[in-house]
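Presented as structure tokens, the chain that follows is alone, the form predicted alone.
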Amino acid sequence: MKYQSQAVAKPYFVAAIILFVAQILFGLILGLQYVVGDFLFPEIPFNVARMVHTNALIVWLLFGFMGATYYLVPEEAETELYAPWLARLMFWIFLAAAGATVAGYLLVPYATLAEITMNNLFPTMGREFLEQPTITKIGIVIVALAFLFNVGMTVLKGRKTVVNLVLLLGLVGLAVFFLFSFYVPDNLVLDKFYWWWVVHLWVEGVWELILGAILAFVLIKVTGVDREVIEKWLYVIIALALVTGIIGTGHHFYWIGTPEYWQWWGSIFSALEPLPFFMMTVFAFNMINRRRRNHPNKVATLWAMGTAVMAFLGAGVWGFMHTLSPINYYTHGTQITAAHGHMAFYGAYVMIVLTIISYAMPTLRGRTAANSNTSQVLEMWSFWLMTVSMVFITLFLTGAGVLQAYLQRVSEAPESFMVVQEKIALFYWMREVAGVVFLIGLVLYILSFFIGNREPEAVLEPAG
């Protein structure tokens, strides 16, 4: 750790991992409720478990992005963070808002939560992924503004690098597009149209800039490749990501009542969305092959390479599988969508946050560059357990989705939704087993930071 103010990243990383565990636990509850319908009912109904699962995902990734930013911006800008006290204050406000919101989901009916948070004065609740009470959304905006002010002032007073500027652009976009969560028109088509301006333009637009910047930072550190080379790759990747991602929003507009031209725009540009992820994979492996040093933090390098590959598979390949409108006509809303969503989120965003935590945590805990070999071997086990189990989760959901689409929408005698659900239950059981393996991998990831602490770390070596 080069700058004292980088230490503010540590609580953000710790909170992110705790919420990650909560997200996976509720995911396992959901998976079981698919096949044992009254599991934990009425204590935790399916809709509540799903809200906690998806909201915890979004919040812990935001904690991870903030921690990553507070760690890398001072190092890139070559100056201390503008206001470390503000970063610490916003951490506690954000954590309190997240905790209170999850407690509200679990302890009171959703309609009651809307009533006690006075949602009637400014209605924003009730939409998928944006279920947070209005006061929570306002709190998120306050935290985001303070965060952007702090980071922006740090960049302004320090060195301006491509990594910092791309990251800042992505973070500004994240904050701006979240504002559409406050716009809830009465017309259902308009409502869905602008709802995707948050959900899609986050994960398939500005979040990709954040991903690219963090990946570039880690690769600069672990490979020793010239910054100029990595920056040129980053420019091309984010340009492609923005062009395809923004216009590719149209693949959500096929069947919600928007004009027919969106079927062409959405199909063509979303079919191009795998390109930046493919380039990211080539970029990561190219930089590793050209490295000038063998960094002692080998597991962070593994996470970086894994991020590129899994993001390409999940966001690119699985997204392309059902993004063309003639195919999406049959697959829309099936388990194929869930398969794509799980691998894309894991590959693109979960893994990049775990990458930066794996790289930064050893230095935040007082080491020079890396954990001990024992710790890194355990973390490598966690990498493979989580990654392979996510591949199987995706494959099982894909199998369920293909069968669901055929039985429910394609066959000569289409069957009802619930009849089909019973016929694909085996895939859900297999998904649940893979989910348990994923949880074991996550536990090993956490344990890796506490095992082998007394052993020495490896020495930085030149590449062979």
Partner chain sequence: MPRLAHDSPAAGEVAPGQGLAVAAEALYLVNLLLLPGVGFLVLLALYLRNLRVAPPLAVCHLRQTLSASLWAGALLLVANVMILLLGGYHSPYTWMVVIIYFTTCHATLVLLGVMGLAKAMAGQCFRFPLVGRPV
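Positions refer to the first chain, counted from 1. Quantities reported herein were computed from a predicted structural model and do not represent experimental measurements.
Absent from the display: the form predicted together with its partner chain. The rest refers to it.
For the candidate spot formed by Asn286, Leu313 and Leu407, every residue has a non-hydrogen atom within 4.5 angstroms of its partner chain in the predicted bound form. Among the residues Val317, Ile142, Ala100, Val377, the one placing a heavy atom within 4.5 Å of its partner chain in the predicted bound form is Val317. The partner is absent here; in the predicted bound form, the one residue of Lys157, Arg292, Arg227, Arg88 having a heavy atom within 4.5 Å of its partner chain is Arg292. Proximity of Val282 to its partner chain in the predicted bound form falls within the 4.5 Å heavy atom cutoff. Although the partner is absent here, Phe65 is not a contact residue: none of its heavy atoms lies within 4.5 angstroms of its partner chain in the predicted bound form. Of the heavy atoms in Phe427, some are within 4.5 Å of its partner chain in the predicted bound form. In the predicted bound form, at least one heavy atom of Met321 sits within 4.5 Å of a heavy atom of its partner chain. Contact annotation: its partner chain lies within 4.5 Å of heavy atoms from the stretch 304-312 in the predicted bound form, the single such stretch among 167-175, 245-253, 74-82, 304-312. Although its partner chain is not shown here, in the predicted bound form the stretch 383-422 places heavy atoms of Leu395, Thr398, Gly399, Val402, Leu403, Tyr406, Leu407 within 4.5 Å of it, in sequence order.
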